[in-house]
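Just the one chain here, the form predicted on its own, laid out as structure tokens.
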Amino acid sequence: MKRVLLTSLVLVLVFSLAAGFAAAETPKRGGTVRIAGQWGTITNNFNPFLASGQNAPGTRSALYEPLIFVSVLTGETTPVLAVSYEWKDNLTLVVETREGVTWSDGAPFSAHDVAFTFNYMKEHPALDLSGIWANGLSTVTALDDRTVEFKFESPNTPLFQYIAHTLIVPKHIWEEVDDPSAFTNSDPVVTGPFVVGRFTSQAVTYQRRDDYWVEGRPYVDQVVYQATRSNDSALLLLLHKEIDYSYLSIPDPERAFVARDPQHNHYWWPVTNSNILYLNMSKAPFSDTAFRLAMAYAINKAPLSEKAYYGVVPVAHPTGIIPGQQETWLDPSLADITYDYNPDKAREILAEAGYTWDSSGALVEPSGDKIPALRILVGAGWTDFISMAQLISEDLKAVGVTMVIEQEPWNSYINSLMGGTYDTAICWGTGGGPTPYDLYYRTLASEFAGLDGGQADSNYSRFSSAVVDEALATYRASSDEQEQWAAIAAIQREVLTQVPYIPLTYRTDFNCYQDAVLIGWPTEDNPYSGGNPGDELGARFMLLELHQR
């Protein structure tokens, strides 16, 4: 199926009032969805402007709603508080809002709430976590009760997903809040399908709204998000049927979970990103393209998946593009560049570039200096990354390279990445979104590379390419599908030939559920939630779809 790009010029996407759900026989109503996904205790805070994790789980799924949901898996869009949008000349975005929506206190929702939300973020920059106003947005105006106009100082069409995903707040409530960053919003007024019921530090209960704007939804009476002590604790709750769903990782889910009750226990781990081996190009030997290319051939990636993720998470594509986006975005002319495991090929590349080996088999640079032991950085205690690092270290012995694994706690780990003090490091792609632009922009743009010797905000390899920067600028300034595709293709070629990083395995969300009581869960065959975990935007669709067996 051909997918519609988010930024098609003068294309208006008009969505059905049913918000993307197909008509079907009315499911059985009632019951409770029980979810565990947060360690420790739950914060008594329902402020939707805060980063995920700083507010109570469910704030972003059960309570507040965005304009449009954009699936990171496919780039497809589903309407929520908006019914259409239109780009005009790449500098003006016009959004039509939905009629018939009311806030939970009975006040009508309108385009004025939308305009207020964005201008409130401008007034309080700490709320603008996605940097919408810092990246070209100029004005947001409600033209009437149903129409909002977004104007930009310069073209930046990829901002659409961040605009689309901004949670909308009621003007008549928040205009009285002078310090929104400190506002805990204990009695939230929302457009979403639930309202806050009972709160404790161990569980928060949301009650179904009878006046929700999607007729007949939700089917369940309530949703309970409960705290848990660990991933293992969540697994035990699932196995004992004390919860219905968790978005925490379960090691070896086939054996530890599904096999215990194959009829009812299931999981869906959708790929949303890649785990990457970053190479610090600010220092030798990683500044040499031939060395980086040889590393790509020397690493056997299939065992990484087996040891770190029990074979559940596949090996990543060498471009880093995730499966759901490959049909649309992969350049078929580059299909032969795969870096299949081939240590002989790696040695050949090194020899042609002037590298040699001493009597002990250690790799020697063209300058005659022996390459010292190289470090591979991982987070302390991160068993999946540690497992991968061990295998990579063994693989590189075949080309005469010794690797030393360094484990660092989070603060030290991220400082090493951003400060450029590491040699190699396993981390995730620093950008993610409905198209490969988001990955490539954050991971490869020169502006994030700390090229002046400063901090690398997200381009940890400190890679710089005029081709990549120009292609990213072309993509930003355009809403033409073919022009955007060509820009992404140009970046793919640079990734495959210059090897600024090495994709290892894909990275997934962890949806595990048991359906003894409730059915309608998102699956690989029916990925309506975009794979979002239970306290993110896409989980709203899951809460609307679930019903009693």
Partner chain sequence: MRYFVRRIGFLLFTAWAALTINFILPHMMPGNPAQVMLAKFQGRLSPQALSALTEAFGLNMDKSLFMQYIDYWKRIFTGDFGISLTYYPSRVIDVLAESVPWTIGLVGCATIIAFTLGTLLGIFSAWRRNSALADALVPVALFFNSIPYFWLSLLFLYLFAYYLGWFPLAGGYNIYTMATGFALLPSIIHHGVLPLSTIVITALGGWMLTMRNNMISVRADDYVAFAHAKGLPDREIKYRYAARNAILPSITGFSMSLGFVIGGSLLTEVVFSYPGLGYILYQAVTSLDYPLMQAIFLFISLGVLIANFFTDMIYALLDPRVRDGGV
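Positions refer to the first chain, counted from 1. These figures come from a predicted structure and were not determined experimentally.
Only in words, not in the display: the form predicted in complex with its partner chain, which the text now covers.
Screening 442, 345, 208, 264 for any heavy atom within 4.5 Å of its partner chain in the model of the complex leaves a single hit, 442. Taking a 4.5 Å heavy atom cutoff to its partner chain in the model of the complex, the contact residue among 371, 237, 167, 330 is 237.
Contact with its partner chain in the model of the complex, defined as a heavy atom within 4.5 Å, is made by none of 75, 281 and 497. Although the partner is absent from this view, residue 229 contacts its partner chain in the model of the complex, with a non-hydrogen atom inside 4.5 angstroms. At a distance threshold of 4.5 angstroms between non-hydrogen atoms, residue 411 is in contact with its partner chain in the model of the complex. A residue is said to contact a partner when one of its heavy atoms sits within 4.5 Å of a partner heavy atom; residue 509 meets this definition for its partner chain in the model of the complex. At least one heavy atom of residue 533 is located within 4.5 Å of its partner chain in the model of the complex.
Between 485-493, 63-71, 519-527, 39-47, the stretch whose residues reach within 4.5 angstroms of its partner chain in the model of the complex through a non-hydrogen atom is 39-47. Residues of 334-358 are not found to place any heavy atom within 4.5 Å of its partner chain in the model of the complex.
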